[in-house]
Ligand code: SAH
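This document opens with one chain alone, in structure tokens, the form predicted alone.
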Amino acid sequence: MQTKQDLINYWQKDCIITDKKLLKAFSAVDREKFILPGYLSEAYGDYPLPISAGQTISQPTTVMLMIQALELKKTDKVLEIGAGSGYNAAIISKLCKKVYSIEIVEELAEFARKNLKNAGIKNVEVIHADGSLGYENEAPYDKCIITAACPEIPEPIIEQVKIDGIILAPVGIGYQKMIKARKTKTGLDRENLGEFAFVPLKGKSGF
């Protein structure tokens, strides 16, 4: 059975995760509190696990690579699209000021809220809404992370992120390219971080 420390050792040995603050945040969050009871023995397996409503919690390495790419700062206000079980937001919350996590599936929004409360995390707000439209109420954001595959980075989200802010999104059909986009005055500077597989983004600007 793989442990939390096994994952940390693997990431450090292969220089996959080099951000020490991020590794500390990972250590501080118990993944056991964000998965279904039947999978507790697999909490630190490096693969996705099923959660409610036919969705999954991403494999730990994917979660960490995405968060590392956000270049989080303590003062950041972060928009997360797709709360899932609340696990991503829990780790992000340790590295920024506030997270607004938008979840289109009401059952999952409740699941994430309950898990975050059980984990004692207070700077994440989970909102049941269409995340493909972003969350205008609290815009602008310093960073945005999209945890579902989108056909393109949704225009409403681009508009809600500050200039020089970062948007991270899996883009495409089937396997997706993980796009790290930095917003400039003239558009987005895009970098491809590799191929991943995510469930499709639902909603008006999703699939």
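These numbers were taken from a predicted model, which means no experiment stands behind them. The first residue of the shown sequence is 1; numbering continues from there.
Keep in mind the form predicted in complex with S-adenosyl-L-homocysteine (SAH) is missing from the figure; the text below concerns it.
- Contact between Q160 and S-adenosyl-L-homocysteine (SAH) in the predicted complex is not found at the 4.5 Å heavy atom cutoff.
- Using a 4.5 Å cutoff between non-hydrogen atoms, K4 does not count as a contact of S-adenosyl-L-homocysteine (SAH) in the predicted complex.
- Using a 4.5 angstroms limit between non-hydrogen atoms, A119 is distant from S-adenosyl-L-homocysteine (SAH) in the predicted complex.
- Interface membership of S132, defined by any non-hydrogen atom within 4.5 Å of S-adenosyl-L-homocysteine (SAH) in the predicted complex, is confirmed.
- In short, of 5-13, 195-203, 182-190, 18-26 it is 195-203 that has heavy atoms within 4.5 Å of S-adenosyl-L-homocysteine (SAH) in the predicted complex.
- Proximity to S-adenosyl-L-homocysteine (SAH) in the predicted complex, taken as a non-hydrogen atom within 4.5 angstroms, holds for one residue of T62, Q55, Q68, Q176, which is Q55.
- Although S-adenosyl-L-homocysteine (SAH) is not shown here, in the predicted complex the stretch 94-116 places heavy atoms of I102, E103, I104, V105, L108 within 4.5 Å of it, in sequence order.
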